[in-house]
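In structure tokens, the next block holds one chain alone, the form predicted alone.
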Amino acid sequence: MGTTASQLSKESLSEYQELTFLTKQEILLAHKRFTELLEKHEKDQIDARVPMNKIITLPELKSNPFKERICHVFSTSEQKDGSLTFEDFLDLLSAFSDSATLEIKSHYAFRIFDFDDDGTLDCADLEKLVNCLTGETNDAKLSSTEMKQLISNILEESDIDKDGTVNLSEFQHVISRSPDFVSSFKIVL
């Protein structure tokens, strides 16, 4: 793998098709969009990275309240800066594609919502999640009492083992009962 050079080889294209839920056309479009974000001198570099601040300007991510978390989850950067290689970008698009399975989508949704990356959704993660969804402006922000009640309700519904957190399997159980999840968890270029 490992290609971004201005053109994708037939071998790379076939390999990306095998390893993702994307069609040949979607991969070619993703490559075009990715290379448009690169600086001119980076377009022929094999493992060029696009910084997060450029990725989140894509119209498909611009209004997503989780855009920074999405970049961090899919970034393989050792600096943990949210920058993406072309392969990171393909992984992101693949997980958000219509063809991705419920298991894949719920796994990545869980990782995106796990703000502290500890493998569970605790009260702090759930509060950040709610704030991202409702907006953090004063008129939209929940009161402390409302937030505690909402988190208590979420845990009551989701925390099967009653340990005060939601783990991946508990999250997937909840998601499996949500018919709109698969169709709404998508990004289309």
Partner chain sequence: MDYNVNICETDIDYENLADGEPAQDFSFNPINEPETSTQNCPEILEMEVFKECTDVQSNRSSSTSDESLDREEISHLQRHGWSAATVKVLASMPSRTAELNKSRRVRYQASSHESPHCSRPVQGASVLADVEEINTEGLNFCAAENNMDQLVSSLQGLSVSEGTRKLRAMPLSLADKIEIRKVAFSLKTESSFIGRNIPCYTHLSMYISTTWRHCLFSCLPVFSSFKLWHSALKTLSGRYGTGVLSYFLFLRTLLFLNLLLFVITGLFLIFPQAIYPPRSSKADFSGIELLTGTGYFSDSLMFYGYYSNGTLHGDQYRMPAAYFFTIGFTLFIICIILVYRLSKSFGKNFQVLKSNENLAVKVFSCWDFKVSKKISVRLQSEKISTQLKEQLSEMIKGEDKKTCMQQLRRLIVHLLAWTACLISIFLGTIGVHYLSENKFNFNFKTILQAHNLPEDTELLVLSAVVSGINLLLPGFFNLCVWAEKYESPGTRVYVSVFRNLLLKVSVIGVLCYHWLKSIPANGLKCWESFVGQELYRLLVMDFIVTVVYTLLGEFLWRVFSQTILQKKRKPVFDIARNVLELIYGQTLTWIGVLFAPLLPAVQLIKLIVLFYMKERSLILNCQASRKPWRATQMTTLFICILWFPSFLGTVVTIIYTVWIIKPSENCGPFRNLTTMFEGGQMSTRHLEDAHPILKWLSWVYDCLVDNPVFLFLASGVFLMVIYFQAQVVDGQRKIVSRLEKQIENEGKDKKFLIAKLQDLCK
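Residue numbers count along the first chain shown, from 1. It should be emphasised that the depicted structure is a prediction, and the values quoted were computed from it without experimental measurement.
Although it is not shown, the form predicted in complex with its partner chain is what the next lines describe.
Contact flag, residue 154 vs its partner chain in the model of the complex, heavy atom cut 4.5 Å: Judged by the heavy-atom cut-off of 4.5 Å, residue 154 is in contact with its partner chain in the model of the complex.
Proximity of residue 135 to its partner chain in the model of the complex, heavy atoms at 4.5 Å: Looking in the model of the complex, residue contacts with its partner chain include residue 135, since a heavy atom lies within 4.5 Å.
In the model of the complex, residue 162 touching its partner chain (heavy atom, 4.5 Å): Flag for residue 162 set to yes.
4.5 Å heavy atom contact, residue 72 to its partner chain in the model of the complex: No, no contact at 4.5 Å.
Triplet 9, 54 and 56 all within 4.5 Å of its partner chain in the model of the complex via a heavy atom: Checked in the model of the complex: no contact with its partner chain for any of the three.
Members of 50 to 88 lying within 4.5 angstroms of its partner chain, judged by heavy atom, in the model of the complex: Heavy-atom contacts within 4.5 Å come from 59, 60, 63, 64, 65, 66, 70, 76, 78, 87.
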